[in-house]
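As structure tokens, one chain now follows by itself in the form predicted alone.
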């Protein structure tokens, strides 16, 4: 069985979640818990770095859809970065690029939040 890990790094008002491994029905709850923890702490500016993610299922995609309304309702956003071509194809097929800002790297996403001030 493949594992899943979430590492959080706070950078000022922005929280970066670096996700690693398999994000599927068995591990989606780990990411849900981490995002919920951010919202409970009133941290609504979130960057998710996919560099080390090797697989995402529909359950994993659903995590992002489940939180975006609340995040944006609190003047925040979830920005996605560092997707491999394989992961990006999944998001692209489902139209996520029209719903989410997807950046090539984490620094661009952080800068994008800073430019919104």
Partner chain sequence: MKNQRTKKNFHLRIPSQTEYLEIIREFVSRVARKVGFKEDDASKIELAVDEACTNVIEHAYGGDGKKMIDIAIQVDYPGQKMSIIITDQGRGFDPSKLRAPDMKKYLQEMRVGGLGVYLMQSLMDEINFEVKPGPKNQVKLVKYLMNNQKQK
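Numbering follows the first chain given and starts at 1. The structure presented is a predicted model; accordingly, all values stated were derived computationally and were not measured.
Although not depicted, the form predicted in complex with its partner chain is the subject of the following passage.
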remark   = Assert contact residue (its partner chain, in the predicted bound form, non-hydrogen atom within 4.5 Å, options 38, 56, 71, 83) equals 56
ask   = Does its partner chain get within 4.5 angstroms of any non-hydrogen atom of residue 13 in the predicted bound form?
value = no
key: Contact test in the predicted bound form: residue 9 vs its partner chain, heavy atoms, 4.5 Å   = no
Residue 105: touches its partner chain in the predicted bound form, heavy atom cutoff 4.5 angstroms = no
query = Just to confirm, residue 51 within 4.5 Å of its partner chain in the predicted bound form by heavy atoms?
reply = no
message = Heavy atom within 4.5 Å of its partner chain in the predicted bound form: which residues of 89-108 meet that condition, in order?
response = 89, 90, 93, 94, 95, 96, 98, 99
